[in-house]
Ligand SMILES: Cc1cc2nc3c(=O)[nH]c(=O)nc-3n(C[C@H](O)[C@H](O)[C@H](O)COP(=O)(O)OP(=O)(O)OC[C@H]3O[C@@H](n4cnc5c(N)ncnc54)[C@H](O)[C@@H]3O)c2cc1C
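Let's start with one chain on its own, the form predicted on its own, as structure tokens.
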Amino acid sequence: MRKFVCLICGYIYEGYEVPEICPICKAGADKFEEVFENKEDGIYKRFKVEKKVKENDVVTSFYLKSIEKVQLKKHKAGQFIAVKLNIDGVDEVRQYSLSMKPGEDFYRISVKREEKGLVSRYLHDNVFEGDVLEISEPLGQFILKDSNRPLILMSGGIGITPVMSMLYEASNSGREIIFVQAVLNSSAHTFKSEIKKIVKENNNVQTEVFYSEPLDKDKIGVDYDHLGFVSNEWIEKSLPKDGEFYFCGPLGFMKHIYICLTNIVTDKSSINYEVFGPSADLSEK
């Protein structure tokens, strides 16, 4: 039996021949790479939870350091790692985007607790500082392209994780960056202080924060910039048509942003996105 890993989503397939299509992300056979038995440790390695940080009411970050203390593979901004957990005797694998600046001596994943999410609930409730997790090397092809065009990073909810890494990577490049974040309110506003620090240190970075249901204590102009959702009208009025667009979030958010962007940009190759879970055609209603 042979093993193949999908370079797009991290799915590991066991069989005699490379699969024609990934059952998770629908990538073709050319996106699979064979993993040989003597490279088994190359799939999952043991990392210790160095820090566990509660970002807000729903998101917790896990800072992971190699037990072997080897130099980490530098991830490309936007990539993810696969995390393998044994829960009640069953191995469960999930993919989580790396949310920190590439080149650090740790990996950071930021996990939203989903009430019906077996693994996310386990990480939040049962994994603590000092515990050991098995993780893969960074994978995925949702990464920044070389470009000097304005960079527009857009996220909905926990979709901020890959674009946060992109923000770190691009912030000192000098290119114009517009960082658009859509969240419910301050209780779910992830990386608020980190983003403010990046903006303060880099005058090429502009943020636009949308709260759809602000709390009574949330102040427009202080905690957020816009009430409601990222509308087609706002996109047409506020974003450069010659930019490079990267976005991630819930499927409804993704479809909305995709349709809005196709109305204003002529170069469709400038529209880049990542779907959490099985791939989907964002042009379908």
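As the structure is a prediction and not an experimental result, all values here were calculated from the model. Heads up: residue numbers just count along the shown sequence, starting at 1.
The same protein also exists as the form predicted in complex with the named molecule; that form is not shown, yet it is the one meant from here on.
Residues K101, V205 and E208 are none of them found to lie within 4.5 Å of the named molecule in the predicted complex, as judged by heavy atom distances. Proximity to the named molecule in the predicted complex, defined as a heavy atom within 4.5 Å, singles out one entry of I198, I143, V127, V119, which is V119.
Only one of V275, I12, V18, I264 comes within 4.5 Å of the named molecule in the predicted complex through a heavy atom, and that residue is V275. The chain is drawn here without the named molecule; in the predicted complex, the stretch among 169-177, 148-156, 87-95, 129-137 whose residues come within 4.5 Å of it by any heavy atom is 87-95.
Not displayed here, the named molecule is approached by F80 to within 4.5 Å at the level of heavy atoms in the predicted complex. Although the partner is absent here, E213 lies well away from the named molecule in the predicted complex, with no heavy atom inside 4.5 Å.
Using a 4.5 angstroms limit between non-hydrogen atoms, S165 is distant from the named molecule in the predicted complex. The closest non-hydrogen atom of A182 lies beyond 4.5 Å of the named molecule in the predicted complex.
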